[in-house]
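Single chain ahead, written as structure tokens, the form predicted alone.
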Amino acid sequence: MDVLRDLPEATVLREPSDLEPFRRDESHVQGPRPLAVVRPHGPAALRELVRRAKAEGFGLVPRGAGTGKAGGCVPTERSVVVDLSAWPGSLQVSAQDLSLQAPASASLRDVKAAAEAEGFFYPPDPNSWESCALGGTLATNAGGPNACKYGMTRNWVLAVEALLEDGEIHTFGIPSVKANAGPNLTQLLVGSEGIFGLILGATLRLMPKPREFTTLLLPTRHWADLLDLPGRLCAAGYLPSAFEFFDPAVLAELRAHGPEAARRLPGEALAILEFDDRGCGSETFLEGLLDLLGPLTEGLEMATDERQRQDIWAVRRLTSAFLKERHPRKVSEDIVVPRSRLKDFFQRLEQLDIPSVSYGHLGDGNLHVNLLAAGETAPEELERQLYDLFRLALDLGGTLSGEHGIGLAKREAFLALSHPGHIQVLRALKRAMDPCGIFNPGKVL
């Protein structure tokens, strides 16, 4: 029996060839073929989907552009993928409220462009920002280089529209930075990976667009010299808008096999340091910064115009795709350690003898540790390596995911290594908000 027959306000995909691409995202996880893929066009479709999911016992797995890296939108057994790429809505900027309304289907690229067209700035910028959907960034609480200064997606969400287990669409929050009438349910939904309900749209906070940038390419002869710099900068009152790094192993890969621009990258290790404060290009600012950098200024390159700035960032943006193309079965983790423990982390990582390369967001301690040989590693050995990596991050006061989320990829490690009280509270919330267990089953919990 077709449990989705005559579903109103929706397009339903059923052919195996149409369903096949929905079995995976950009992680290493692959799920079973879903029962169907539903593209809802209105609330009637969602209301009926919830009713039938409860009656027939299938799950509802939300999906945007499929760019996630933790298997969050990968189907599990007996589930229907709810593809929100066609969910209706338009982008609306309110200059007076410094806010922007957008549907989950909007691309993050379009959201950022709409803000910029009005002279405003929406900071979240995950590496997939040109192709990912807004809904996915809300569900996973996406980050990116700008999180170093501006924080994660949740810092910029004022309100959300969400489908809950009653089949209705509810709005949580208001278009204002002050809303203190009880616990903040908006923030409960942001980053929940669709396990409490499906986010359909949001009102986002904006800020005036930065008008000035200082962008530095910072090579170093000694890799360890970079590791104290994030903490020293912050302690001295310098908060970069981004602080990215490439360790020696990543640089070796880029120089040997990357595009021409990457093959010319200098240093044993390398950082990209950017500031967007007003006056960050002034002589006073730069003198103080260069004095703090000290010997690290040897070989420093500074972008003198927007083209040079974009050229510097282009190499950083291509790194993830380059490694994926070179090592298609690699596993990429996104652990976090406090800035003050970065040197300890890399010293202990070397002692663990986990074959890996690292790059990412040094300024906030969010490190992309890539196990390039994961596809050729015995499963039990790979599991040991991953658990050792996660335990190291936790031992140093960090966590096992900074921006990708838990999804399916890190679910078992999350359950095994998290504090039992934390899991107990999350499961109680899940039972209260989704008593039939229809929303993104098998993820996180």
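All figures in this text were calculated on a predicted structure; none of them were measured in a lab. Numbers for residues come from their place in the sequence shown, where the first is 1.
What comes next is about the form predicted together with (2R)-2-hydroxypentanedioic acid, which does not appear here.
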- [ ] Only one of R329, H257, R221, R316 comes within 4.5 Å of (2R)-2-hydroxypentanedioic acid in the predicted bound form by heavy atoms, so just point that one out.
- [x] R316
- [ ] Go through R205, K112, R339, H361 and name the one with a heavy atom inside 4.5 Å of (2R)-2-hydroxypentanedioic acid in the predicted bound form.
- [x] H361
Open item on the list: The chain here is shown without (2R)-2-hydroxypentanedioic acid. Which stretch in 39 to 47, 400 to 408, 372 to 380, 386 to 394 comes within 4.5 angstroms of it in the predicted bound form, by heavy atom distance?
Closed with: 400 to 408
- [ ] Indicate whether (2R)-2-hydroxypentanedioic acid has at least one heavy atom within 4.5 Å of a heavy atom of S320 in the predicted bound form.
- [x] yes
Open item on the list: My question is simply whether N127 lines the interface with (2R)-2-hydroxypentanedioic acid in the predicted bound form - judged by any non-hydrogen atom within 4.5 Å.
Closed with: yes
